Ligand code: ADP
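Encoded as structure tokens, the following chain is the form predicted alone, with no partner shown.
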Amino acid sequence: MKIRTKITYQFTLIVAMILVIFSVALYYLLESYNKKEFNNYLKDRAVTTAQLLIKEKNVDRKLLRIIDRNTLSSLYAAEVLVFDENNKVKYSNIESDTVIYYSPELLEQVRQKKYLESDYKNKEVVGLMYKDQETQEDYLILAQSEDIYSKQKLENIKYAMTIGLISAIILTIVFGFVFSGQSLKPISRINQEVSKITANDLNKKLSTGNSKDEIAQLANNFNQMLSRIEKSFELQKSFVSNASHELRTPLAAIKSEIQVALEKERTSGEYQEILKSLNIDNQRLIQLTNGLLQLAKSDRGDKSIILAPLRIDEVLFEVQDELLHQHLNYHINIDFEEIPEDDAFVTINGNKSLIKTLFNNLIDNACKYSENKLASINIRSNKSNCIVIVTDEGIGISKDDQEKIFEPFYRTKNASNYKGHGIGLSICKRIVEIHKGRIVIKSEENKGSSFSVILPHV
């Protein structure tokens, strides 16, 4: 079902329900009012008859019956009966040969309640008790009649309401369809614009209309999503291009060395030198491949990574041991600004493998780019975060380069003489983002750098 049809259907249903409830309530209100008005008329007839017949002793009953008989042909003709204490009819305004139906149970209810309004055989009935002040006798008076006029009036009202209700529903459907079409025009326009956007022209943007309503907000959000997708595509293209370039260099070197080795017969010593060179190139290729795999793993998102409570200081000491074992000339100092009383201040929810990769890259860079091969690590904490600061006295990073160093394969000009592929810091940033943290750099060229890793603790 299309949204336009669905909106029309729901709008019509709501309006129809409101109209039906209003019509039914109005009809029963009118019916109740007419019934109350007619019962008041019957009560007045009963009281008038009692006063003329019982209170006024000199009134001729025959004359009273003639008067009542003449009113029987009127619109509100009422049958009036007067009963004594033994439920015998003392007076009737109907001719003697006419049969009048009444219920003994009804008479008993009137005597108990003193006044009663009821229905009996399609007639409205009002019963009341009247006491003769002179004789102290109690009389029961019934006035009953069929409210033909009110019934006919209610039938006419019901017919008019039914026709009006059906007409209103039809009009609601028509106007609802037109209204929903007008309301959904901006969405239809957006739908047409979106259908024209392909992977080759993600730079296209949707029209935001008046830039104020929800449709404009939807268009803005979609434009922002297109920008993010375009940026992701550009990063992917850049990643593939840079990865291909970086992989091509060691592969070309290996190919050249193998071709040179096969040109002629060589001594075992020469073959050993060639194999050593091939091993160095192979190690570079392995390091580059591992870096690419780690970068790809960090880009898969949080759902593929299992987090568990992890002590930052223990991870740092493990990284220290591994780096010192691999590089005998490295110097790594780890210190607490203030030893925390609660272990929770140095415990995070993290993935141990990724956290080790993070600090391995930062500490290795600090040592590699420093003449004294020294990296100083300071551990701090506050109420919500654990902070690890990795500081060196190396070549530093210029202000212009500081905004780009976290991009994949980006290397600063002063780092060109050092081995590397420009992947490490981009991996570090992604790992920190996965752990809901942030990384801050402070650096001055030729004076050193300081990387602060801020991670929320448990």
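Start at 1 and count along the sequence shown; that's the residue number. The shown structure was predicted, so the numbers you read here are calculated from the model rather than taken from an experiment.
Same protein, other form: the form predicted in complex with the ligand, not shown, and the subject of what follows.
Exactly one of the stretches 443 to 451, 430 to 438, 19 to 27, 6 to 14 approaches the ligand in the model of the complex with heavy atoms within 4.5 Å, and it is 443 to 451. A46 falls outside the set of residues with a heavy atom inside 4.5 Å of the ligand in the model of the complex. Within this chain, Y41 is remote from the site of the ligand in the model of the complex, having no heavy atom within 4.5 Å. Although the partner is absent here, R411 is a contact residue: one of its heavy atoms lies within 4.5 angstroms of the ligand in the model of the complex. The ligand is not shown here, but in the model of the complex it comes within 4.5 Å of a heavy atom of N365. If you check the ligand in the model of the complex, you find no heavy atom from any of A78, L106 and G127 within 4.5 Å. Residues D392, I395 are the ones in 372 to 395 with at least one heavy atom within 4.5 Å of the ligand in the model of the complex, listed in sequence order.
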